[in-house]
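First comes one chain, alone, set out as structure tokens in the form predicted on its own.
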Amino acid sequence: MRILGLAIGLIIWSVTAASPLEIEDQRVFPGTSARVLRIISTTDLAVFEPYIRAFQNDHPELSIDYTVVSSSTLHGAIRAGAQFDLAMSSAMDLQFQLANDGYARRYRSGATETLPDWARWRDLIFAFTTEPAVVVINSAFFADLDLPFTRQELIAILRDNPERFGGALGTYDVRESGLGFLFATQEDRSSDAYWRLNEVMGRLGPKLYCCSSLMIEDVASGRLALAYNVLGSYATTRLEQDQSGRMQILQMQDFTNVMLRTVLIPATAKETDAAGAMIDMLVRLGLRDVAGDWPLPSLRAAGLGETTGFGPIRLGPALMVYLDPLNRRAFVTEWENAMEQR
């Protein structure tokens, strides 16, 4: 079950899977014919709607059935044979595993061939955004404190001010969140401070979340002082709506996780031509040089690596190291020992 509850608790039956699919949101965008492109995605409907509208401008005959689920639910549904024409996820390790294990159809076009090697794999999986993980804070909690810009600085602030930050920190529950697990395992590989930070947060009774949007909302409302490793695009969108002036986005300067949002065509897809056309549009927008009004950042997002020296997490077999059952169990056990100290 998802932590903290979901605003929408819809349960529907997938077309071919034998178990119910837990849905966060769903909407059908009608077209002019009986053809339907079915998309399962982890991207919030409000974020992806402009892309659907743009696609239907060129393909008005197609209805779009857009279903939002967690990354873990998406992964399980595709493995169980649920019929969708496109699967889009922020958990690129789970997506890569689907492609590697034979749950994706090959697709190649002039658009996909323009992607850099790190943004595609064997014509099975394609990236269309790069998104840094950021820290979001409510500045009211940081009055008279220097803002942290490295993990060591964050550790010091949290350690020295337990009365201020106790019960006011948010991060992913890596047991439930595929994206949270991806960020955690990549940070474990790349930052010496990762486990020390977990231990300090664990002593302060952190709140554990399924997804970025809920964490960010709780920071904006003042229920949290800090949300750790949330999606930068979601944070930016919410910051633009913030009326209090207290919400701030911090990008850690010692190391930044940069996730690739990816798309694949499941082996069960029926509308493969339409799915390919949607991939082409996403790739073209993903390679744009000018940000424009699109909610999701491009693959050429400015500023990546300028302060950190780190590029995007690459698509490749290394993503599956922590998905091995023994490795995953060992990682989660160590994470639980650090995070659940109360």
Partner chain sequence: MMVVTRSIGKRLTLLLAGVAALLSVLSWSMVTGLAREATQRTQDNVLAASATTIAETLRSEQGAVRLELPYAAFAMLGAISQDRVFYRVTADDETLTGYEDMPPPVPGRQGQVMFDTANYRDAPIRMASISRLVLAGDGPVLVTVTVGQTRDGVGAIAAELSQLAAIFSVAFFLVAVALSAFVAQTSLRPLNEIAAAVSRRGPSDLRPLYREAPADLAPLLNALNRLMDRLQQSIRRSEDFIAEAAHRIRTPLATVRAQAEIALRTVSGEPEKDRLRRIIRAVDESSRSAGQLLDHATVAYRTEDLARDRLDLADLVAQTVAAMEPTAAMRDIHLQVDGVPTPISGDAVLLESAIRNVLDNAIKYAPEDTTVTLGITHAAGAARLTITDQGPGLGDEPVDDLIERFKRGKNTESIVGSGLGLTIAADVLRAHGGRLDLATATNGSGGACVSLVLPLV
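Positions refer to the first chain, counted from 1. The model shown is predicted, which means the values in this text are computed figures rather than measured ones.
From this point on, the text means the form predicted together with its partner chain, which you will not see here.
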| field | All of 99, 103 and 318 within 4.5 Å of its partner chain in the predicted bound form, heavy atom check | value | yes
| query | residue 333 near its partner chain in the predicted bound form, any heavy atom under 4.5 Å? | reply | no
| query | Using 4.5 Å between non-hydrogen atoms, is residue 175 touching its partner chain in the predicted bound form? | reply | no
| message | Given that its partner chain is not shown alongside this chain, does residue 117 nevertheless sit within 4.5 Å of it in the predicted bound form, heavy atom to heavy atom? | response | yes
| Looking at the partner-bound form in the predicted bound form, is residue 73 within 4.5 Å of its partner chain by any heavy atom? | no
| message | I need to confirm a contact call. Of 138, 256, 129, 186, which residue comes within 4.5 Å of its partner chain in the predicted bound form, counting heavy atoms only? | response | 186
| note | Within 4.5 Å of its partner chain in the predicted bound form, heavy atom basis, the matching stretch of 121 to 129, 164 to 172, 85 to 93, 211 to 219 is 121 to 129
| Residues in 323 to 340 with any heavy atom within 4.5 Å of its partner chain in the predicted bound form | 324, 325, 326, 327
